[in-house]
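Just one chain is shown here, as structure tokens, and it is the form predicted on its own.
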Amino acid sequence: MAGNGRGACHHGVVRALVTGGAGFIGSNIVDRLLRDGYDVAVLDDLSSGRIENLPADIELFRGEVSDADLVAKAVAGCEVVFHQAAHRAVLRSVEQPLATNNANVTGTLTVLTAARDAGVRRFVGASSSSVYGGADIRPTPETATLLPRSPYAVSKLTGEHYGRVFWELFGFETVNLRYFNVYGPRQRPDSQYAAVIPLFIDALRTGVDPEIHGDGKQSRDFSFIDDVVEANICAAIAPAPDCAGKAYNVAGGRAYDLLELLDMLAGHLGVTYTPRFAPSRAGDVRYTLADISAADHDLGFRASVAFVEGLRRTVAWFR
């Protein structure tokens, strides 16, 4: 390990940085890393992440991923960086393209540069199925045409390109994961840009009619959080010749439409409901369904939590 003089090990233990580590996906990665014996640092500005998601035995660097000095401190001594920090919502990016670009593009480039300079071995980045823009080919392979349809999707694809370029130019190992609709425990329903599953659960639990944008027949390939965490671990340890510079779909490999999803959740909760239909939202795509064979082949990753089981665990957490 070159670069910072401290090397990869901290008290003989591998050190990892999780950006956005107080958030939904990041904090679940943190928990897994601690269980696996890593020494963990977190960089988070706590704008959407929660301090209570973080265990006591991590080192917290509080601030933004676009702050080069802070990022340099956070990556020092790390062997792996899991870059989860982002402005996440498509709708927010439509409303605030500049803020999204600063967090997702400048922030990603800042983390990549600092990690390379610190002698980090591998960078695992969070990308998104939105880079496809609603592909014609379903299941969608990584080789499909990429046509982002929102500033958020553009920012995620830009992060992927930077990762590939850092591998090609500098030999810095990068892997990006294209998440498809992640759900599970700790996902918040109280944000204006919340994801559909926590919003539906919250509505059904509180007796509010769940709101569907469009006709409810739009379908999504969903990824349970434990599978997403496992994909990150696989991406951190897979052999570089197989995966460096590449991007991989992370998904369950089966699509469900929103009306099916509501029925399943209502069944878990033992409630009835009447959906409210609202206009479709700008930037949303109609269908997503991933071809997940490349991650299996190159990373040794395969989703293992069935959708009905993932929903059961999610509902149990909300209760």
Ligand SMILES: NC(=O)c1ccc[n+]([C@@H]2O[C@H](COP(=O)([O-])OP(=O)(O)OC[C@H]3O[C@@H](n4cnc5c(N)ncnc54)[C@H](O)[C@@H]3O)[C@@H](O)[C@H]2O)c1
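Don't overthink the numbering: it's just position in the shown sequence, from 1. Just so it is clear, the structure is predicted and the values come from calculations on it, not from any experiment.
The following text describes the form predicted together with this ligand, which does not appear among the structures shown.
Note on the partner interface in the predicted bound form: the residue among 181, 140, 218, 150 having a heavy atom within 4.5 angstroms of this ligand is 181. A single residue from the set 16, 25, 303, 299 has any heavy atom within 4.5 angstroms of this ligand in the predicted bound form; that residue is 25.
Residues within 4.5 angstroms of this ligand in the predicted bound form, judged by any non-hydrogen atom, belong to 84 to 92 and to none of the other stretches in 84 to 92, 168 to 176, 240 to 248, 199 to 207. Within this chain, residue 47 lines the site of this ligand in the predicted bound form, having a heavy atom no more than 4.5 Å away. Residue contact with this ligand in the predicted bound form: residue 110 places no heavy atom within 4.5 Å of it. None of the heavy atoms of residue 257 is located within 4.5 Å of this ligand in the predicted bound form. The closest non-hydrogen atom of residue 126 lies within 4.5 Å of this ligand in the predicted bound form.
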